[in-house]
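The chain below stands alone and is given as structure tokens, in the form predicted on its own.
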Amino acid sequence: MSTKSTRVAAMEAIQEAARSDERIVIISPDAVAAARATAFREEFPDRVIEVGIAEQDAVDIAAGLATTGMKPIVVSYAGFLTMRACEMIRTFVAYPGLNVKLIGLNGGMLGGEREGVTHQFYEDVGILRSMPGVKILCPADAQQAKLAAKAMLEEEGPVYLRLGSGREPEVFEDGTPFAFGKVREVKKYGNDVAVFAAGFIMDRALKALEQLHQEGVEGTLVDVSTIKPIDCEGITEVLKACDCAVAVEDHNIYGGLSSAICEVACQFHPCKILRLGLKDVYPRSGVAAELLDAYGLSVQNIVDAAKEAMKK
């Protein structure tokens, strides 16, 4: 399966939008190159504010600009943004509900091959899910990331867009829609089991669904590209149809996608749900595909979990 950069795709959308909206400005804590925003800076040199390695300052500046009607976008590595500037996001952006957009890079284990465990992040979604008013997008591939970035700019209030390392598998065909706040059935063979996935592990979830089909298990794969606000109605509809599920995420199982799915199930349709993600461990560095296999996120792991979930 070919790969394409979610970073490049998202920045293309932002640069296109900036041509017709002069309020868009990028705040960079030494992250222009990492975010693939060099072309944006060349076209709009006066609309990139470089603060150096100071994520807290970047968020504070963005908050100030938002109060004047600007549309600031802070770009940095996911962990540096959500951890180092956590209080600033909470108090100066989320609490007043300011129109600040946040883009986190290297979400999940995909960054471990190039930069190591300090630059691969699997707590970011959980941190921001706990903040009232912060919306969270986790697109599956580059073309979805471009559409997600466009949708992010149209939303009022704080939005977090989770991107990868820049080498994400292409999953969906061009023209595949992106609906903010809604889940989407990627493929449906039947209602034996539901597989919920978000982000750049979607290609593995799709391969697992195909393998299950070949083995006589007819499942449904659901893309949860908006993790907050979670689509309770859409998820409940799938759970009622299948009555068992697997939730797959390149993130700690605490606080992320699988937590959100279980919360919906607990309230609207209690059923058996198995959670595949990092089970409260710090993964080692290494090749992304090998890391996913080593920490229980292989295609076979998803297949096995689906079969286990079906055992009532």
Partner chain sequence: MTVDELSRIANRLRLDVVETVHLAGDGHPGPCMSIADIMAVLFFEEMKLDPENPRWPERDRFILSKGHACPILYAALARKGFFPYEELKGLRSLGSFLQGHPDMNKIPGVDTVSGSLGNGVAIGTGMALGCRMQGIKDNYVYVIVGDGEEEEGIIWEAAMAAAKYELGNLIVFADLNNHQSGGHVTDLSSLYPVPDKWQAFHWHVQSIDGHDIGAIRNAIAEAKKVTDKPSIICCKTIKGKNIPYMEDNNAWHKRTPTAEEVEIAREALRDKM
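Predicted, not measured: the structure shown is a model, and the values here were computed from it. Residue numbers count along the first chain shown, from 1.
Below, we turn to the form predicted together with the partner chain, even though it does not appear here.
Shown alone here, residue 280 lies farther than 4.5 Å from the partner chain in the predicted complex, counting heavy atoms only. In the predicted complex, none of the heavy atoms of residue 265 sits within 4.5 Å of a heavy atom of the partner chain.
Proximity of residue 189 to the partner chain in the predicted complex falls outside the 4.5 Å heavy atom cutoff. Among heavy atoms of residue 48, some come within 4.5 Å of the partner chain in the predicted complex. Every residue in the set 25, 87 and 96 has a non-hydrogen atom no more than 4.5 Å from the partner chain in the predicted complex. Only one of the listed residues (253, 32, 61, 273) places a non-hydrogen atom within 4.5 angstroms of the partner chain in the predicted complex, and that residue is 61. Shown without its partner, this chain lists 92, 178, 80, 172 as candidates; in the predicted complex, only 92 has a non-hydrogen atom within 4.5 angstroms of the partner chain. Figure note: of the listed segments 244-252, 63-71, 281-289, 265-273, the one touching the partner chain in the predicted complex, with heavy atoms no more than 4.5 Å away, is 63-71.
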